[in-house]
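Only one chain is shown below, in structure tokens, and it's the form predicted alone.
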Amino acid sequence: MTEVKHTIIDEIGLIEISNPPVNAISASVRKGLLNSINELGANNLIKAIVIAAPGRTFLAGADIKEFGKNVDGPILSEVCDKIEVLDKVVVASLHGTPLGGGLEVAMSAHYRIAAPKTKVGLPEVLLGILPGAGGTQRLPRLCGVSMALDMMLTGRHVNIDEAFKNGIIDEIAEDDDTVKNGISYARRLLKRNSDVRPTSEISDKIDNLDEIKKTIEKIKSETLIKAKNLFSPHAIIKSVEEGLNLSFPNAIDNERRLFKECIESPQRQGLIHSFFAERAITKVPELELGKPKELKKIGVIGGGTMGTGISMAAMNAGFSVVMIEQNDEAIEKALTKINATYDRNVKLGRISSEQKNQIMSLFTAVTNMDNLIDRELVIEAVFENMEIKKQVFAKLNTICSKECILASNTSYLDVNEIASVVENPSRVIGLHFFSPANIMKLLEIVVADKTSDDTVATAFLLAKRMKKVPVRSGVCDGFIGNRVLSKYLIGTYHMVEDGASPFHIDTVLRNFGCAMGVFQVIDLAGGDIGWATRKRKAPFRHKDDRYVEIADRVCENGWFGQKTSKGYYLYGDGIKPLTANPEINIICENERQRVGIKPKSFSDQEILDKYIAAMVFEGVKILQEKIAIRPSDIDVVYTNGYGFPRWRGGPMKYADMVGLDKILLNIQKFSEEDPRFWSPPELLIDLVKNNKNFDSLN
């Protein structure tokens, strides 16, 4: 297949690019584009060239499978430079989502026209790299340094109106016919005798060097706080800053040098793994056969933190929502919380008052469950108690239509047992949202033994509508995320009882790149939640299991974290963030004395080794039991729901980068102290024995 072809229409050369599904700029596309440019550029009868990609989107960016590999073909920077220096007017006709290299090609053209719903961006930072084909130099010349750095440091997609207003796009077309738009615009430019206009020669937005210097210094200081552990954001700033003091060709060379440094960074490896891992999550067996049901009406049972969050996530996606609560007081409380959330969004300019009213019109809250009779999906979000949940599902079984999908938002409980009270368990599924559910992206889709393919397919469609990141899980206590969490929490408490400070542990994890430390997370979620789980599991705990009671002592004092203004840390007006609760150390010392443990000190590395080993240990067990389909699914859960640094790829990818042999050695060493907790998993032993890694299982 020829990805790039060109034709001549009167005095205009038309280059059309087609590389389905998303017009990635592969080596063959670059080669074909360069050949067409050279051939049309040498034709003296041609006065203008139009570059278009009349498929799903204009060029969507580089083919990241090629990163770090020796590929036969010109680099994109060479192609862009060749486009810019042509002595004929070059028009890029955009539509869809021209991102990364696609926008870089467009910026190397002399003029840009775009279809009405086009969005543009340079999201390379999300892959641990920088725009390497002139993006860091051309974008500031078009829209100014401040907006250019904002786009490149966030990776955000800019809508066509903002792009036009700020000079990235020259004209907005009236329809989506990208070839017609490009040809028509080129004809108008020729009729006006418009000059060739290289982006590299546009300077009006970069000539106030004093103001630009202040802008860059401000962004530098902000980036040091937001992305202190990341390489590529600082490389992006450096490329822009240094490029302003160099000739354009030298600035391009400097950008290329910094791009190569990003490619060699281990962060790039982790971020690209995350990119592919998130695209693999829909490769599940049920989606091959299942037919999703189109949903319009959703019911939510429970108006607490999870119920209100799930309701807002559904309303934001355009679903009609009926919430069930026990009494009018609970309904009023839920309504107040939902209203306050949308009022804040209006105040911050995220939505308009009209949009808020439109969203709220989708919501009804009542006490009578009979109002769920017309719902196509009902999500239960009541207290995490098996008997209560079974009572709810038994009622739903009699009230709802036989086609209605019944979902539980349980975070730990057995979905098979919940489904046992439903006449047709094939329509029962677990939908584990993460709090706050209207913001957090992760959604664990828990497939029970009798859940049908159609039910699973519908759950994935729901996730797509809600803009969630769905990960399939089998049924076990805690599913993927909380099961791994439970393992490393126990391991963490072992360390604390052995002498480690909770605050030292949190510091190590934050320095590693985690959004929060373990004990910060406990305070955020509420210590009472974990306490309830420990009580639930107590009758099943083996007498030989090591059980640390430090967390119970904290909860017995009523210190549940942020909700009580006191947990492992202190909270309230005038209290600095991460102010340690001094009484925690007293509890730890008392518990060590009670069980007869002589405390020892832990190095940063020892803390990190045990944290990673516990995560990988349980991740391997989850894979052995086929709870997760692939290791990368565990990574997606942890980078999207538990604050594990995305740039490290997730716990399983990080283990690959460290070396599974080293992880296994650590587990074997820890098992000498506690063979019951640390007995090395067979799958891990086999992988090391056969010189394989987790990536080989993806």
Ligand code: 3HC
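What you see is a predicted model, and the numbers here were worked out from it, not measured in a lab. So that there is no doubt, residue numbering starts at 1 and follows the sequence shown.
Omitted from view is the form predicted in complex with this ligand, to which the following refers.
A.B. asks: Of the options F363, F231, F503, F259, which one has a non-hydrogen atom that comes within 4.5 Å of this ligand in the predicted bound form?
C.D. replies: The residue in contact is F259.
A.B. asks: Pick from I622, L127, V496, A114: which has a non-hydrogen atom within 4.5 Å of this ligand in the predicted bound form?
C.D. replies: That would be L127.
A.B. asks: Specify the contacting stretch among 313-321, 469-477, 93-101, 285-293, defined as having any heavy atom within 4.5 Å of this ligand in the predicted bound form.
C.D. replies: One stretch meets the cut-off, namely 93-101.
A.B. asks: Would you classify G270 as touching this ligand in the predicted bound form, given a 4.5 Å non-hydrogen atom cut-off?
C.D. replies: It does not: once this ligand is placed as it appears in the predicted bound form, G270 has no heavy atom within 4.5 Å of it.
A.B. asks: Using the partner position in the predicted bound form, report whether A133 sits within 4.5 Å of this ligand, counting heavy atoms only.
C.D. replies: Contact check for A133: yes, within 4.5 Å of this ligand in the predicted bound form.
A.B. asks: Answer for W531 alone: is it within 4.5 Å of this ligand in the predicted bound form, judged on heavy atom distances?
C.D. replies: W531: no, not in contact with this ligand in the predicted bound form.
A.B. asks: Within a 4.5 Å heavy atom cut-off, is G61 in contact with this ligand in the predicted bound form?
C.D. replies: Yes, contact at 4.5 Å.
A.B. asks: Can you tell me which bits of 251-289 touch this ligand in the predicted bound form, meaning any heavy atom within 4.5 Å?
C.D. replies: The stretch 251-289, when checked against this ligand in the predicted bound form, contributes F259, F275, F276, R279, K283 at the 4.5 Å heavy-atom cut-off.
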